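Okay, here we've got a single chain as structure tokens, the form predicted on its own, with questions on binding and movement later.
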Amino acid sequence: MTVLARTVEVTRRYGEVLALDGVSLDIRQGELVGLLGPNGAGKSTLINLLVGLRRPTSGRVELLGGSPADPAVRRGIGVTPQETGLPQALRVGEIVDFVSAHFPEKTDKAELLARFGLEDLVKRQVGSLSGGQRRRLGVALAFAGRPRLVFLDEPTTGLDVEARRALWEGIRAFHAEGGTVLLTSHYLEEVEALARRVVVIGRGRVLADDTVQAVKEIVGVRRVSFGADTLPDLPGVLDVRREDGRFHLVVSDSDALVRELVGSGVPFGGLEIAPTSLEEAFLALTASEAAHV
């Protein structure tokens, strides 16, 4: 498959801070990739390098077969950063026209607005939009120039559940037509719902890069749930949550934990062992990375 974006042994420093540490990554045509990591892991820095807003301290970055520093190359991408500033006095339709005019090919205006649920807002001034509506507009603009590759940095932050799912459908439609997407999100269920491939970074390094299912299996963790009044000291517990009289544990070795639970003598019932979610796998990966620092 054609590689549309690539980093090769890329490092990026901000003074004494090492934001990225030897990151090598390929984004191939037709992929929908979720980029995960805790705050400060280097996600936004990596996107800024790929779209030409920053240059690496060392290593190589390629975009659409050229350099991300080349404006002609950047016409083939769309970007929604974490924060967008749009002219308050312009109308939604005018903003779309203005952004579209910068590209040799344009997405049909009516199609773009409909895809992101903005068709009824075309004559509204940006300043009169709600925060969620402005965010949807900011995401829609990333698709205005018929891009080959779209970078979405926290695209649904601040949206309610209904608006978030509507935006998911717009992203899915672009991907179904052969488009390529790299997105970051704090909502891990969002990445699990959209992405086919997940890249997890921590402290500037790639910790995992595979399918959603494979990333879950890499960490080997399981979710163990049971009803009990108290929780004994158990081995390999990575996370604990209590809800409606039940303990929900994320554990590294479910067999060892159950043996210890039975041997503890603490009364329990309704034991359930289930595969981990992507969120639990992410917590396990980043916790393990932090423990090795």
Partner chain sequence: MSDPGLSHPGLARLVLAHTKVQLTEQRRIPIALVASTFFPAVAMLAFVVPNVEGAVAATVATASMVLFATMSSAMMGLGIGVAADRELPWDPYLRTLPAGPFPRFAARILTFMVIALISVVPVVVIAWLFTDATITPVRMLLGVAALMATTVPFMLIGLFIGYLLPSKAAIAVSQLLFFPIAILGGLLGNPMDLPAFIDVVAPYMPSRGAVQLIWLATTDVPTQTLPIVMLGVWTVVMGLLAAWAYRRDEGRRFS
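Predicted model only: the values in this text are computed from it and were never measured. Residue numbers count along the first chain shown, from 1.
Missing here is the form predicted together with its partner chain; even so, the following discussion is about that form.
Participant: Could you tell me which one of 117, 132, 179, 81 places a heavy atom within 4.5 Å of its partner chain in the predicted bound form?
Facilitator: Checking each option against its partner chain in the predicted bound form, the one that comes within 4.5 Å is 81.
Participant: From the list 238, 53, 256, 231, which entry has a heavy atom within 4.5 Å of its partner chain in the predicted bound form?
Facilitator: Of the candidates 238, 53, 256, 231, 53 is the one lying within 4.5 Å of its partner chain in the predicted bound form.
Participant: Would you say all of 85, 89 and 94 touch its partner chain in the predicted bound form, counting a heavy atom within 4.5 Å as a touch?
Facilitator: Yes, the whole trio is in contact, each within 4.5 Å by some heavy atom.
Participant: Spot the stretch among 156-164, 193-201, 96-104, 207-215 with residues whose non-hydrogen atoms come within 4.5 Å of its partner chain in the predicted bound form.
Facilitator: Within 4.5 Å of the partner lies stretch 96-104.
Participant: If we define contact as a non-hydrogen atom of the residue within 4.5 angstroms of the partner, is residue 141 a contact of its partner chain in the predicted bound form?
Facilitator: Looking in the predicted bound form, residue contacts with its partner chain include residue 141, since a heavy atom lies within 4.5 Å.
Participant: Please determine whether residue 74 contacts its partner chain in the predicted bound form, using a 4.5 Å cut-off between heavy atoms.
Facilitator: Heavy-atom contact with its partner chain at 4.5 Å: present for residue 74.
Participant: Would residue 70 count as a contact of its partner chain in the predicted bound form, using a 4.5 angstroms cut-off between non-hydrogen atoms?
Facilitator: Yes, residue 70 is a contact residue.
Participant: Whether residue 128 contacts its partner chain in the predicted bound form should be assessed with a 4.5 Å heavy atom distance threshold; does it?
Facilitator: Residue-level check for residue 128: no, no contact with its partner chain.
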